[in-house]
Ligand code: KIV
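Here's a solo chain for you in structure tokens, the form predicted alone.
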């Protein structure tokens, strides 16, 4: 693919919803789907229709509720799964069937008790069967991260010949290093004869904390779709985080890769998913964690107050966060203290600040984090002493 557009395939409502205890009902799924549409994702994987009546109903409801994104339904390489997905997608304005099978010898031997030849035949048959009903067919080569490269290329070429419009190269177990995953994508882009007829997609898991890095390595090497979830939720350690890949591509303009995501809606969408799934976002989560734009070290605070670019590569407003935070702790310096009491309307000399700072440190050691009400109390005490 020569285009600079990277398609964002959101699987929060399918892979993301597989987190134990975080299942959503149909009404909640529709609410999230509408938020994803406003966010500007290109494809919403709405569910796995054959897995349960509830999932089937949710795919139907989302198909009716959402107009702009492609609505995608997951299947195994099984005719009954595909039939179910076709029925679930009947109301979708733009529809895609996502079918596939294992591609690694580990999966072929131990999961399917089969052979490469039989798996290849099943993959092609599934794509051909789905193509009779839906034009847009995505094929996933499960566990491609650990698959033999030559066999993977053979499988990708065969399913494209059968009609696949997107080929998904999943690092299902999160095993690959970025250079390995990027090299795998590059090999396919250069050695699969008909690869120009399909979009290469990255679907990376975070078992070793490399999902985002692997997805970026994938698009740098020719992939043009990233499969991801809000807040990076998903099976086991989670999936590639939507907010991370979108903002990496936005920050690194030298990559000349863009998405259609409205980044200013990232934070509100993150909060919605967190609330509905009752899954708190970790404080130090990149982009959307509560500490992502917080500064508590005195050295950092001083630099930030002089110029935001010293310690922030993203403007919080770009992701829908009101402003950066100066958090006052015992690690904070005089510059941050002066800034905060100035916001509260107090003006002090350099000598007065030195005196107040010593009292502030005592307070911070006790309270751990000093809030505005604590500072107001401190300043009132200082004024009384001065009087």
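Residue numbers count along the first chain shown, from 1. What you are looking at is a predicted structure, and each value in this text was computed from that prediction instead of being measured.
Unshown form predicted in complex with the named molecule; subsequent notes refer to it.
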| query | finding |
| --- | --- |
| One residue of 206, 221, 259, 172 in contact with the named molecule, assessed in the model of the complex (non-hydrogen atom, 4.5 angstroms) | 172 |
| Contacting member of 263, 104, 301, 168, with respect to the named molecule in the model of the complex [4.5 Å, heavy atom] | 168 |
| Stretch from 82 to 90, 301 to 309, 211 to 219, 197 to 205 whose residues place a heavy atom within 4.5 Å of the named molecule in the model of the complex | 197 to 205 |
| Residue 142, heavy atom within 4.5 angstroms of the named molecule in the model of the complex | yes |
| Residue contact check: residue 248 to the named molecule in the model of the complex, 4.5 Å heavy atom | no |
| Distance check, residue 15 to the named molecule in the model of the complex, heavy atom within 4.5 Å | yes |
| Residue 74, heavy atom within 4.5 angstroms of the named molecule in the model of the complex | yes |
| Stretch 96 to 110: residues contacting the named molecule in the model of the complex, 4.5 Å heavy atom cut-off | 98 |
